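The chain that follows stands alone, in the form predicted on its own, written as structure tokens.
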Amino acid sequence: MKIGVVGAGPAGLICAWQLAEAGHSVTILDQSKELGAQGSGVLIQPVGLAVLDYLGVRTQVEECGQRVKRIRGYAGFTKTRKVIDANYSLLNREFDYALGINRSELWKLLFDKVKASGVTVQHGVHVASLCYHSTSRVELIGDDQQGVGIFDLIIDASGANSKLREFSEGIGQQYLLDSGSLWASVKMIDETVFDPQEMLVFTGDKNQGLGLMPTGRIMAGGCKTFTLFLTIDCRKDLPWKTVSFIDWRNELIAKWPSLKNLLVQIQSPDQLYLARFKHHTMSKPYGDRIVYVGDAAHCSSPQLGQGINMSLIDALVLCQSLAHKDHVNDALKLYAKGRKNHVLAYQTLAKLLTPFYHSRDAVAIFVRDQYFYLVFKMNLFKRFTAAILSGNIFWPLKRVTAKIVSNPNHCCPKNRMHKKGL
């Protein structure tokens, strides 16, 4: 088939790479003038590591990141009351850790695979719509209303702001969340202050919060990088619009004095990446000759840390579904069926937990700060939380790997995940 992939994020790159290796003619179309990854760091959960292991690139990815054995969050700006504690070492699985990594490092590795597989890459292409020429051919239309390519199948990996959502058979409701985050990469000068294998989160009232995630990349001088992220209220102007940037940063230092050496590294707004959050779930993540992966199909607030992992799973399940079925429509239905329960579970959990970690809901914040610490005194809840964050609810890879084993002529010979029960 001739396949067009809209968007060059991780999901789009994996789809292009795997489908090109399976013998399809693949073209990536991305709107960026210069290809690359935006943002600072991502946390790849155990289920995402299982996908990368299946694809044969986990070891390479881990060399660029930092293993995270635990996530701990505290109410307020001191380490007094825990509001989250996920201890991955309590999981009885091969991957009893997550991986913090800079987005650009992951992107470069996947892009190298794309180039080696012979995928055609076009950047600076703004896709706005589709035009159907027949029952088997579909044309992508640019912002200038000119055609940019005719394909047998379109994979929409263009993110939460996709312009092709209307062609889905089940769009679902989409709404913008009040909360957002500012992200920045910082150097850890003194590693004795923070455990490089632990992610920390500090929550506050009125939608305030700060987190620190190790990403492991070595910078000049041998310092490791961390991703610093700040929760903000997106209903208001950016904080430095009302006061000077330096004054705003000094207010943060006054709240979190233990993070002064990290915060002073942020000298200007140009070092910060703004992420605004939406919530939507497609009931049917496909349409006529088009299928949606990653945030184009489902997106939510980030407290469960599943965005990158859901994208990785989507890409793998879609590629395997296309390999297993002879007809495109049957493959897209298999993909949707294989992802349905897992996506619904995590989208529901994210919606339920958002008031406690990313909202101005005074009641939810009071309950979080006053009572959550009680349950996190028990290892049972630490393990339960880690199990949820691991991404393995409803075993999202089991269905598709079972199909692989039943088809010995499958294009991808590895079946390790099925044997391990992942």
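These figures come from a predicted structure and were not determined experimentally. Start at 1 and count along the sequence shown; that's the residue number.
Missing here is the form predicted in complex with a small molecule; even so, the following discussion is about that form.
When contacts are defined as a non-hydrogen atom within 4.5 Å, none of H24, S168 and S283 contacts the small molecule in the predicted complex.
K163 is the sole member of R81, K113, K163, K278 with a non-hydrogen atom within 4.5 Å of the small molecule in the predicted complex. Using a 4.5 angstroms limit between non-hydrogen atoms, Q31 touches the small molecule in the predicted complex. When contacts are judged by a 4.5 Å heavy atom cut-off, G305 counts as touching the small molecule in the predicted complex. Using a 4.5 angstroms threshold between heavy atoms, A16 stays clear of the small molecule in the predicted complex.
Not displayed here, the small molecule is approached by Y273 to within 4.5 Å at the level of heavy atoms in the predicted complex. None of 119-127, 322-330, 172-180, 239-247 except one has non-hydrogen atoms within 4.5 angstroms of the small molecule in the predicted complex; the exception is 119-127.
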